[in-house]
Structures are given as C-alpha cells and as structure tokens.
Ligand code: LMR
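In structure tokens, one chain follows: the form predicted alone.
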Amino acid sequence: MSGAASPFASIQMAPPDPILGLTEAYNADPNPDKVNLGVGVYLDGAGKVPVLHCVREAARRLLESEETKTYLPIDGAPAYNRQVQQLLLGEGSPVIAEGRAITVQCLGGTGALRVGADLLVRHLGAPGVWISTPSWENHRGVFEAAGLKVQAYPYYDPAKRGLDFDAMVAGLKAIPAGDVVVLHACCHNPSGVDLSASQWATVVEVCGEQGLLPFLDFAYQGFAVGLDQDALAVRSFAASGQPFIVANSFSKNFSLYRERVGGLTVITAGADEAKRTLSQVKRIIRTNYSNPASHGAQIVATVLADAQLRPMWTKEVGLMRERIAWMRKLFARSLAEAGIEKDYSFVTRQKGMFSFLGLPVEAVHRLRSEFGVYAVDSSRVCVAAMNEQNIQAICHAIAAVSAEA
C-alpha cells in the first residue's frame, strides 16, 4: 500500500437508519422472546413473511415459459405498466383511454419516489415539497437527496389520536402555487389515520384551487378497506382533471419485498404532454439504473392479467387486511387486560400496518433493553407484526413501561 492517505479517510460513520438500523439491533439481541415491531412488513400468524399462493403459481408458470434473459425496456415490462394503470385508475378510466397517463416500472415504491423527485428537479424547476406531520421516515430523505427543499404541513393530532383536518386544510392553502404536496393515498404511515371520502374531496379541490402538484404515495392498496376503495384518492384526483403523480408499490399487497416492484405514474393534461414526459422520465432512468429487473414485475403482471390468479390474489390481500384488523382489536383489548387505563380504542379505528403508542422515547428504549420489544423512537409500532403468540408479552411490556412513563 502506498504511503498516501486514503481518499476515504475523512468519511464519517453515518447514523443508523431509524428503521433498518433498528432491525440490525434486533438481529443482534440474544433475547429469545424478542419482537420486532419497527420494520414495515406484514407477518402471518406464525410470524413469517408469507409467499402468496398466487405468487408461487405465477413464478412456476414464468419459470416454465421464460425463453430469454434479455433486458427489459427502460420503462419496464409493457404488460406490467398497463396492469398498474388499470389497478390505480380503474378499468375503463378516461385518463387511460385519452393517453394522459404514463407509467414506468421502478425499483419499489422508494425507487418510484426518487424517479419522481428527479423529474421535479430536472423539469419542473425544483419546486418545494411538502410532507405531512408526521410522514414516513424516508420521504424527507428521498426528496432532499434529489436536491429538493422539504417542508411539512399539519396532519396528525397526538392529543386526540386522529387527524387535525382543519389544520391540514389551512396548511395546504398556505403552500405556494406550483409546489408539490406529498399525500398518503391510504394507510397513512406512520399514524394509520386516513381521510374520509368527503375530506379527500376537499383536499382535491384545495390542491386544484391552489395550483399545487399532488404526489401520492400509494404503498398499501388493499390493506385499508379494499383494492378499489383504497384507490379513492387516486381516482378522485383523476376525475378532477388536474395533473398529479403516483408512486405505488407491490411490496406489501403481493408480499414481494425483496423483489422491489413498484411504479411511477404521471397523469398529465394531454396525450402529447404524456409522451414528452415519458421521454424525459426514461432519460432519468437510463442514467440511473438503465432498466428495471424482470422477475417481480412479471409475477405481478401475470397475476393481475389472469382470470384464475387475480381472484386468488384478491382473496389473499383480503385475508391479510382482515388479520391486521383483527390484531388491532386484539391489541387494544389485550392492553386493557394488561391493566393499562389509557384508552387505546383509537387503534381499532386506524387503517393499515402502523399505529402510534404515544409513549415517550425513554419508555420506547426500555421496551427494547428490558423486554426485547423493538419499536421506532416515535413509538410507532407495526401491528401487522403482532400475533396471538407474542401479543400478551408485548402488552405486558407496554404496561410495565407505561406505569413509570
């Protein structure tokens, strides 16, 4: 080795990721009864990330029929992109028929957000980006890494464990025209608090009147009420005629976490505008990862297009949704049975995988160090990681730290 100093010598150790770093600490914990409530994955009743039956069958068919390993197009598998548009916007959507929507296959929902962020920087004048208070941990990081300024609008009210809609609307009305507002289409992460149909109608109207660009993060379709019902926000914006962006993911509702299957869909004002937008999005992808991987997207496209596999998938998504709802009820009941006087019934009214416990950070740290129960510092927990075998231990641990909180 030469005597010259390494060019990497001055690099500092980065702080651990607030969620993935928590999993690393969990994996290193020797406690045999440890529970990871931090990472956002759906676990079945046995505590395993499932491989859906429809996915197994689609993978088998692909293995038998695949004849090439050549590159996919820059924007991904065409059959996949068509199915994504129909799932988001609905079959027979005028937006699709008029050619106003473009969809590109991306590396999960995070990759879709980043491709969209790069589009904002390169072609929309780097507008300000506004996220909810609170929002998914990585939203700020993704948009700031692309060079965008990120600010926040009001959303969750910790005092009432619910949405502060008046403050949200007032916040949206104060955002400068041309800025981007990031909205969770359903199953708000991390609060689990969603908008009602009438509230979405108001938000759509406000965004249109204020000249804002909505950017919808849609990672949990099917986990709130149903596949079509959960697309209410997307289809309401489509019906309004205003341009908007959607980043969607199949990590959760297909349980394809490691396959990184997502999509970016941009709804424009016209077909010519859509073609020009697609050409620039493809340039962004080309200079980043060139083109996406095939396997996961082909599985999704196969399932969504097949008369046998799609009903199978719809049923399996429904079973996951129902199990999460049941665990919410059992969690609230078990907390009460553990002697906690605080009313946790709000947990049963929330949607999706996450909920806030409302514990101080010191209590969250005690959950980890004394009981092996891992939650994010904000006290966000993944209800979908609970099951009948671990929930009593979780609730007694929460009762123990709550007594001294």
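Computed from a predicted structure; not experimentally measured. Residue numbers run from 1 along the displayed sequence.
There is another form of the same protein, the form predicted together with the ligand; it is not shown, and what comes next is about it.
A residue is said to contact a partner when one of its heavy atoms sits within 4.5 Å of a partner heavy atom; Y220 meets this definition for the ligand in the model of the complex. Put simply, R161 is far from the ligand in the model of the complex: not one heavy atom of it is within 4.5 Å. Although the partner is absent here, A393 sits far enough away that none of its heavy atoms falls within 4.5 Å of the ligand in the model of the complex. In the model of the complex, the ligand sits within 4.5 Å of a heavy atom belonging to N189. This chain appears without its partner; in the model of the complex, the one residue of V39, A338, V49, A59 with a heavy atom within 4.5 Å of the ligand is V39. In terms of contact with the ligand in the model of the complex, the residue from F215, F143, W136, W130 that brings a heavy atom within 4.5 Å is W136.
Only one listed stretch (344-352, 39-47, 62-70, 366-374) carries heavy atoms within 4.5 Å of the ligand in the model of the complex, and that stretch is 39-47.
In the model of the complex, just one residue of 247-270 lies within 4.5 Å of the ligand by at least one heavy atom: K252.
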